[in-house]
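Below sits a lone chain in structure tokens, taken as the form predicted alone.
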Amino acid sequence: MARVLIVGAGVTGSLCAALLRRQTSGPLYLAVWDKAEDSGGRMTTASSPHNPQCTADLGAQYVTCTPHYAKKHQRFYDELLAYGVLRPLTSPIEGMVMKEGDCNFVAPQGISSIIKHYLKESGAEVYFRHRVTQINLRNDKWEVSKQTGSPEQFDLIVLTMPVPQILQLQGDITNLISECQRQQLEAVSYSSRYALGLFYEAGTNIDVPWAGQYITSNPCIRFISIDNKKRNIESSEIGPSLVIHTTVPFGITYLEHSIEDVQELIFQQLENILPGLPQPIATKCQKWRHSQVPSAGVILGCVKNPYMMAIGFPI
């Protein structure tokens, strides 16, 4: 039986796992490892510690489908819509730039439900808190070492984490990357930002006419979302949640500051935009060191996804 490991339980890793399962006819052992405590990656959804039904999308806020990808990826959109994983975005987002033919979707159960859908379909064994440290070649197998626990061997490994994390790996994998490829990989740049989720108790009213708003005049805050309103799942029994995304310059400036200090700075600026907000009962501040890729360039020849690299032998 072929053994395949996918490192990263985000959108690339989960979809890759599902496609491998669909396209492999023979017996296949499929594992997904992620260093985090849950799946999602940049499509993570956080829950209130007081009520797990009160959630907030701290990464991607919605899915934009262009006419080109509506045609190219139609089966994926049709499937996600049929299962109720995606739903058209109908709530007002102020300041959103729309191009002709684009359509936007939200995930009613949180943006991470897209990842969970594909992981479930893949049938993969998913392991969290598995941080890969080394990859070595042992008797025509790839031996993967993690921060804790014994190494394991696989026939194929697919790495879907950000490029800087790939370049930090030790072992024989370093010999697979030529100097030219390494320079190309090191040239990939990422924006950095923070996201702050605020959770409120049931019955709290956040009185604004929009579900989301892009901010252009604040040095700290770029986007605000009333998350349950954006997803059209407002309920009198579940408190609202609010998400704040910072600007890229703010994220870069305060990248190495403590989460507590950054959260306080965001609160100060939020008061200027939405004065008199109720006091949240819980908060979750997320640092996105590797948020988005302004320019990917060429990654390992024909692989242009800056979140994926595959090594192995034919199965």
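All residue numbers refer to positions in the sequence shown, first residue = 1. Only a predicted model underlies this, so the values are computations on that prediction, with no experimental measurement involved.
Not pictured, yet referred to below: the form predicted together with a small molecule.
> Find the only residue in 110, 240, 162, 212 having a heavy atom within 4.5 Å of the small molecule in the predicted complex.
Of 110, 240, 162, 212, the residue with a heavy atom within 4.5 Å of the small molecule in the predicted complex is 162.
> Which residue among 117, 231, 222, 193 has a heavy atom within 4.5 angstroms of the small molecule in the predicted complex?
Spelling it out, the residue with a heavy atom inside the cut-off is 193.
> Using a 4.5 angstroms cut-off on non-hydrogen atoms, would residue 40 count as touching the small molecule in the predicted complex?
Although the small molecule is absent here, residue 40 would touch it in the predicted complex, with heavy atoms inside 4.5 Å.
> Tell me, yes or no, whether residue 17 is in contact with the small molecule in the predicted complex, where a contact means a heavy atom of each within 4.5 Å.
Because no heavy atom of residue 17 falls inside 4.5 Å of the small molecule in the predicted complex, the answer is no.
> So in the predicted complex, does residue 60 come within 4.5 Å of the small molecule, heavy atom to heavy atom?
Yes, contact at 4.5 Å.
> Indicate whether the small molecule has at least one heavy atom within 4.5 Å of a heavy atom of residue 131 in the predicted complex.
The answer is yes: residue 131 has a heavy atom within 4.5 Å of the small molecule.
> Would you point out which of 254 to 262, 276 to 284, 23 to 31, 51 to 59 contains residues with a non-hydrogen atom within 4.5 Å of the small molecule in the predicted complex?
Going by heavy atoms within 4.5 Å, the stretch is 51 to 59.
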